[in-house]
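Two forms, one chain: they're shown below as structure tokens, one block per form, named structure 1 and structure 2.
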Structure 1
Amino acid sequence: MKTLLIASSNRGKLVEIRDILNGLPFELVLPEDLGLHVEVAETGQRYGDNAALKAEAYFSASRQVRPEGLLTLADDSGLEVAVLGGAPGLYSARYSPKPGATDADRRRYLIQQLEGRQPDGEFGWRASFHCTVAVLGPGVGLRLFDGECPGEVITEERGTGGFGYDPIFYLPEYGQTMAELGEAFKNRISHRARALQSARPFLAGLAQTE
């Protein structure tokens, strides 16, 4: 079975990617399984640029394990809030001035930025999650796949599932936050699920090749 390296250091993402890609004939490996520690400067201006930077860095590091390198999949994602002009967007993972900030700190910081701003949604502030997945490998040129999931940011934290901004990201359609949906359902409708669903036929094709 072919190996697919999941190029991320975010545990929440790793768990979800593993679940969403379930059923594809790949052995999924994580950087830690291979003893790889890769730091990537996310200097791109778009999710696709950063996803490509991550895929390239991990693909290149995977040559330590196998000379031709491993097929590699990276994810760059973020939350865009309309009244904040699309912030935190590309900076979602770094959106708090506090050193060593946690996901909870970033959620609090986001709510602070929204204080005093008129809600533009039915329940809070209109927002959407974005994800771009990059795939790169030996003899496989870079491919990008996008996914989006619209919703609203609310001030009350609800639910314990998922990670990041999930407890304050409300989906009016389902009457729940992303953290209340449950893993299986989030992994059908999330921005990451949508990006990976569109990558699936391409990945399935690669699994057939020698």
Structure 2
Amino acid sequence: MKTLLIASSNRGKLVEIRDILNGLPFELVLPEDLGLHVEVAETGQRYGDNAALKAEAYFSASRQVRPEGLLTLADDSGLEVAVLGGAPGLYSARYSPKPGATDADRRRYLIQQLEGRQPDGEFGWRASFHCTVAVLGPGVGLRLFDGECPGEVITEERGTGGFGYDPIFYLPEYGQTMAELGEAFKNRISHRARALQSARPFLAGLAQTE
């Protein structure tokens, strides 16, 4: 079975990706599982730029484990709120100015930025999650795959699943926040799920090669 390095330190993301890619013959590992420690400056102007930077950095580091390197998958994602001009966008994971900010801090800060702004959706403020997945490996040139999930930001936190902005990201068609959906369903319709589903045929082809 081939190894697929997930370029992240987030074990929750590993579980999510493993579920979405279920059935593909890969052993998914995190850098820490291999003793790799990588710092990547996310200086890109697009999600694809940052995903590519992470894929390249972790693929290069994986040569410490295997001379030719390991097949590597990285992603970058963000929440874009229409009335905030697309913010937090690329800075979603570091949106709060509070040092050592948690996901809850970032959600509170986002809601503060929306105070006094007229909601433009049926339930809150129109928003969309975006994700770009990058795949790079030995003999495999960089490939990018995109996914998007529209919804609305609401002020009341609902649900205990997921992470990040999930408790305040409401999906009107399902009548629930991303955090209320349950992992199995979320991993069918989320922005990351859609990007990974787009990448799945490519990954399946790589799994068949020697």
Ligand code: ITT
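Just so we're on the same page, residue numbers count up from 1 along structure 1's sequence. A quick note: this is a predicted structure, and the numbers were derived from the prediction, not measured. Heads up, when I say rigid core I mean the largest set of C-alphas that superpose within 1.5 Å between the two forms.
One of the two isolated chains is the form predicted alone, namely structure 2. With the core superposed, Ser198 shows a C-alpha displacement below 2 Å between structures 1 and 2. After superposing the rigid core, the C-alpha of Arg188 moves by less than 2 Å between structures 1 and 2.
In the core-superposed comparison between structures 1 and 2, Gly12 has its Cα shifted by at least 2 Å.
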